[in-house]
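One chain comes next, on its own, written out as structure tokens in the form predicted alone.
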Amino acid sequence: MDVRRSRTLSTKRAGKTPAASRKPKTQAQKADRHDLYQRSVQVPEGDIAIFEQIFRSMGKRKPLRMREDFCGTAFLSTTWVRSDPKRHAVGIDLDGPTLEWGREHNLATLTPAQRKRIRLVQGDVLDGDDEPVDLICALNFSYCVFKTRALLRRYFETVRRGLADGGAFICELYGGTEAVVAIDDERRCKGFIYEWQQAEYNPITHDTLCHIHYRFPDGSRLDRAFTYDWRLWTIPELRELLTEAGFGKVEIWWEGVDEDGDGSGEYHPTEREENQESWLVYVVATR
């Protein structure tokens, strides 16, 4: 019997559709959510430029050792060690598969010498790391998973212990009049549309539930590629908790606006600003 015919008959008996007649996968089915996130959300070169600006403004030397808490795929850490031959990075995250994705897709792009200067740890950021660093960052509002003052202060205390003398902790916070309402926003990226959904907000607890979706030219969607169950903290709360955790100075770096009223990407330290529909700040705490 012809082997190819035998395989076809067995496929039919099993009730399976021959490969040639299967419906092709949609763009959403073929998409990699981690790749989409890096392309739509993260700009590590920009973050590093701001870190350097902040350190210069404080009269400190160029930061060389960084710890990226909630590092995910370690895209920022990878970019960090590539940005300077003297730079080292430690990335901490609880999720093993996400870290493994980062090893395969980000760390694999580094040279052997660069890979020696980056270390990924699957662990709890509340436990920190034994290696003192110049800079610890928690970007993309990741620390908002801590919903109580006690837990967030404990995290900030762990961060402070992990900093070398004169080191700095940098995190982001968003807010504004649109931050506390259910809202959908979208942005066109190369090859897809990124959708940010604020699905729920509780004014009593400041709990907020947000999702990231992706839409593709073929009409397919990747719904809830990422979901975030956060407490939306306020700037005064963060300043108070950082001070209670032992930090000496806490600055707020505010994003300016361009002539169209959109974010300019340029940040400056400030103590008074008008509220906006949407704002994003860097909170900088120094040891």
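Residue indices: 1-based, along the sequence shown. Only a predicted model underlies this, so the values are computations on that prediction, with no experimental measurement involved.
In what follows, reference is made to the form predicted in complex with a small molecule, a form of this protein that is not presented.
When the small molecule is considered in the predicted complex, residue 124 lines it closely, a heavy atom lying within 4.5 Å.
At a distance threshold of 4.5 angstroms between non-hydrogen atoms, residue 40 is out of contact with the small molecule in the predicted complex. In the predicted complex, the small molecule lies within 4.5 Å of some heavy atom of residue 95. Using a 4.5 angstroms threshold between heavy atoms, residue 145 counts as touching the small molecule in the predicted complex. Listed stretches are 213-221, 136-144, 183-191, 101-109; the contact stretch with the small molecule in the predicted complex is 136-144, by a heavy atom cutoff of 4.5 Å. Among the residues 168, 89, 171, 71, the one placing a heavy atom within 4.5 Å of the small molecule in the predicted complex is 71.
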